[in-house]
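In the structure tokens that follow, the same protein chain appears in two forms, which are kept apart as structure 1 and structure 2.
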Structure 1
């Protein structure tokens, strides 16, 4: 305990959730700072969840203009003249999120994600990035790791009715309740780069097919220098070719990355709103866990596909 009590206003507003995670966790939440880059349906869901939960501050980064496409899964931006108007996605989402919970400080950080240096990220306890390139994922993750304090790093992506969350809590110790006693637990997370470098052959059997499929599409976008999500059905033959090459290099049977799954991922890059809600909810929960130090964190990938309805945790690490 650090002595400070929640205000009466906070106690009244957060009553129902304090009953879930306790006053201490609520206090830690209210002192935490979260950064989110890339505002599409899934991240917007996430932002709603943590603003409601009562984090200290939320910083939004997305300079893109508001287009009809950007609004497809976004409930934060009122449908009026905003399309094609002046404000960036981050500006408009910020206005809306402020309204959700006056106790949370919501602000906008302009600039390209890749332009932020290591020191920039020191201000935050949690960094969530989405809709960005493979290179950006790796580099932001590395910047977070260079800091002396631990910055929890997450990526989230939703394509069609599938989604992926990646978590890096570095060296994470937490209290775990077992029966009546509390045991100290420690988990070692690999970085994104380390995780995806693990040869596919040495991964546990029955790793979600989505893990492989996402790597293929991610690699395709990098090789072709596409913007994240800029694929179409016309790309399928080349994506399948790349799949075959990668499978050959990794000695993985091609059937582990079915054509039909890749087709869904490249053909429809729109987010399916119910899946965004699921991913934004899971990510919100994970971030709350990491901030409060309560509960087993997800290590280190989460996959959801509405076709089979399973929400799977995969541990892709060498340890």
Structure 2
């Protein structure tokens, strides 16, 4: 992000939000470049939010064709004859997002997420991935960390009526208001691989049950070579068996990962639109804070479950 000033057109369009977070924050937003891979309900909510906020550019990546399941949670795709029409999810979402804010450059990047090398991610300030494997999360995060500049990395997953956001801002400096003065702060974030490698027995006793449940399902999909979300109720016995094995290895009581929670995650992999809206809103807010350098960032996991209506922030790191 360079030091260019806002144009008169940008200043007029973003007048209201400039009054909220200031000219400098809006300038940073308007010069930022965001990459999003995996376009389901939660990520399209996020895309809508940051396009309206006025980022400089948004690059979309999802070569999957439009299906009925995609239409269920993706409001950017018109419900007409798009099913089987030949356009990818990224193509159709791109066309819709351009209408939200013509001043934001929205484009499509074809190709599998795993095919992009380290240099590809250098042109972005923020990378958000969803609907991808455990290996892909680790790999993309590591590629972002190899760059000479700091690239904010996020993963987001929504299953049934609950979901998870992970944040890696690396070595992050920011400012926040305390009383009548502005205080400079700094936080050190672990990578996704480092965070999930922390032994469960070392975590606080009240860590969200959803954290453990998501790790079990991730591990099951990896072992069974399934794509994210390719589970059903028939898989529950094997998922419970894996849960028991992991709990034994980590010296964790199995009650910390209830059968009922795992059943929800494997039996209903569709996104619940209200939960997508919550997660997409939180993610948009966090990305805006990371780009602007203002306000306490989320460190480093966020969990939401509509059953109890609670959103929980968990700091799962060694620092």
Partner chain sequence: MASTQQQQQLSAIKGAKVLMVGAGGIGCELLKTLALSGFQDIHIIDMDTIEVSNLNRQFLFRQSHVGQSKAKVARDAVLRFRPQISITPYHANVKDSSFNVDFFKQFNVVLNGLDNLDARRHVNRLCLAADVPLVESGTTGFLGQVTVHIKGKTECYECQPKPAPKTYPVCTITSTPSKFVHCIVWAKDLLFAKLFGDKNQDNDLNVRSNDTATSSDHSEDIFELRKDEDFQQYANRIYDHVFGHNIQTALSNEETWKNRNKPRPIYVKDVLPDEPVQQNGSADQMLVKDSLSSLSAMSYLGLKNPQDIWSLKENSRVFFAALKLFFTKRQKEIGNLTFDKDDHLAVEFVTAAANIRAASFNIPLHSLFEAKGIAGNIVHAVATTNAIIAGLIVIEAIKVLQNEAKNCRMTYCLQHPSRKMLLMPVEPFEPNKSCYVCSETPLLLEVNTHRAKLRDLVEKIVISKLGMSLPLITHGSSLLYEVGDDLEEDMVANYAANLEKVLSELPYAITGGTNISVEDLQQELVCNINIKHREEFDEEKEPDGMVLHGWTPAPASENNKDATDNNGASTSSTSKSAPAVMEDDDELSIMEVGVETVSAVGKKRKLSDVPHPETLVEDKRAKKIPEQPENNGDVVVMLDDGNDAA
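Numbering follows the first chain given and starts at 1. Between two forms, the rigid core is the largest collection of C-alphas that superpose within 1.5 Å. None of these values were measured; they are calculated from a predicted model.
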Given these two structures of one chain, say which is the form predicted in complex with the partner chain. 1
Is there a C-alpha shift of 2 Å or more at residue 307 between structure 1 and structure 2 once the rigid core is superposed? no
After lining up the core, report the Cα displacement of residue 12 between structure 1 and structure 2 in Å, one decimal place. 3.1
